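Consider the single chain below, provided in structure tokens and representing the form predicted on its own.
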């Protein structure tokens, strides 16, 4: 059993666990089931990846989307972990090769969709029964629940798999589950001895804001132009709108593309690839885009139309700021969107209709509320929160208030006299003395009829929303939500309690600041270097290093390998592969600017000794060694394994350090002594100094190989 802290540092480059990761990992290693609710970007994948690496055998990950599987597998393989996936895009030959590797114990993680897992005669389930399976992780577990916003019937069959694989711990993970959905997950899977690990849903780094939908496209252009060069997602309800909005942005020289399900497969794949690889700044998309995209440097998510529910909204906005840096979520709100959405959610199932209708009502209330938006979101997911967060538009905006007691009394009295069985629209028409035929004749004789005719309809909507936010009124759930008296209503009606209402005028507003870098030129240089490696490895740039890592490098300016290993994201594998290049770029910049290391300013972190090259060998390194010993040259191995030559070189250097490969298989005998002398002379100065001393006749690979041998 490997040390989980060492795995965290060596494989993933992190110095400490977040949220409840460590408790979850230890719980699963002890053979127990777990339900994990953790916010988007909170590190759910580490909760099953680390126990999977710590235990012998293979881990099965059930995941709903191909893009999600590929992203996770690429990231694991980049960190030296042998991971594979099975899905419908692969040929029969490739799928059989993956299954053979699974049977032969060459795979550490297998990703598969429930549809593929249970296909046909469940052949794959039979294979899994005969391998050393250490864990089953069910990602996006809310898909199990009919109460969830993304119900998938195939997920229901996982309960049967649990009986088939008796004794194997199961872990269900999701970022979006209200209390009903959570209960449904637990009941359906029948998780044994399961512990519920519920981390805060609060994404503190995301600033939430809502604006009126009038002139939304002009506002969108202004918003994006103020964030030039930053990565963002714009969601719309219709395919037509994605095309129109992307063309509009392009007219303003904004790098934007449209994405929707109506595009052919190859076009969708290319556009997604362009966005993930930072070749395009903005993607304008329907909700067909984004699930399974782990791009860490999305700085903003904009909704041009109202989402159908808060779960979807939370998940979509959660695609911003996965690297932990400041990010924004902007919603353009119009009640008219709700009329369109109600048509979308109609089904033949009356129970499902009520569920979806209630969820839409909550979404509408979010758009209209004047209370803290973060508090509203967190309370929806069953989490208590402070009245103010300081990072949403309602909390960073000052509103002028006035004594609205009489207005409140009129509204509350109207609701009471109408016996609490009518919706907002009817109550407002009643207050304004509408002559509409929909107003029942007996209601026109009530004392409160028409007492609010001096107040415009739009203003009444605002006042009633204030009263709902402050607990004087409440909106009952159902397809046709009705107004009822809240817990504070009686104090206003009978005890003359004063009520403060908000005027429409905004007195002051604060803009969210995203990034504030001192050495922006170095940051750009490091981004270019990251892109170079990403192109070589054929992976998205954020899988090499996140923006957070590059910002730390640009801020703290590490000057040697001992300092570099303290930067978040640098584990042993990535130190071997990229450390020399990034350190060289930093040292060159610092020399030109006459700058010293700023590591003393770095916050104190848990220091974990990074394992030396003689400590650990991964399956991917062993495969490179086998091919090399079979007589294949490094370029041939790179082609066979679909990895870069640099990666293969680092695999072989690893075994030189373990004394399992002869140094002179990489470096000729006549060069070894000179490299040793140069290393001794430049000790403590880094490999760049050694390379400069030796000259162009010596490569970094040769220098690293000799250093590893010592």
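Residue numbers count along the first chain shown, from 1. Predicted model, so just to flag it, every value in this text is computed and none were measured.
FYI, the form predicted in complex with a small molecule isn't displayed, but the following is about it.
The candidate spot formed by 17, 39 and 45 is fully in contact with the small molecule in the model of the complex: every one of the three has a heavy atom within 4.5 Å. Contact check for residue 84: every heavy atom lies farther than 4.5 Å from the small molecule in the model of the complex.
Heavy atoms of residue 21 reach within 4.5 Å of the small molecule in the model of the complex, making it an interface residue. For the chain shown alone, residue 537 is not a contact residue for the small molecule in the model of the complex, no non-hydrogen atom being within 4.5 angstroms. When the small molecule is considered in the model of the complex, residue 322 lines it closely, a heavy atom lying within 4.5 Å. With the small molecule omitted here, the record of contacts in the model of the complex names 45-53 of 45-53, 655-663, 675-683, 58-66, defined by a heavy atom within 4.5 Å. When you look in the model of the complex, the only residue of 243, 178, 294, 393 with a non-hydrogen atom within 4.5 Å of the small molecule is 294.
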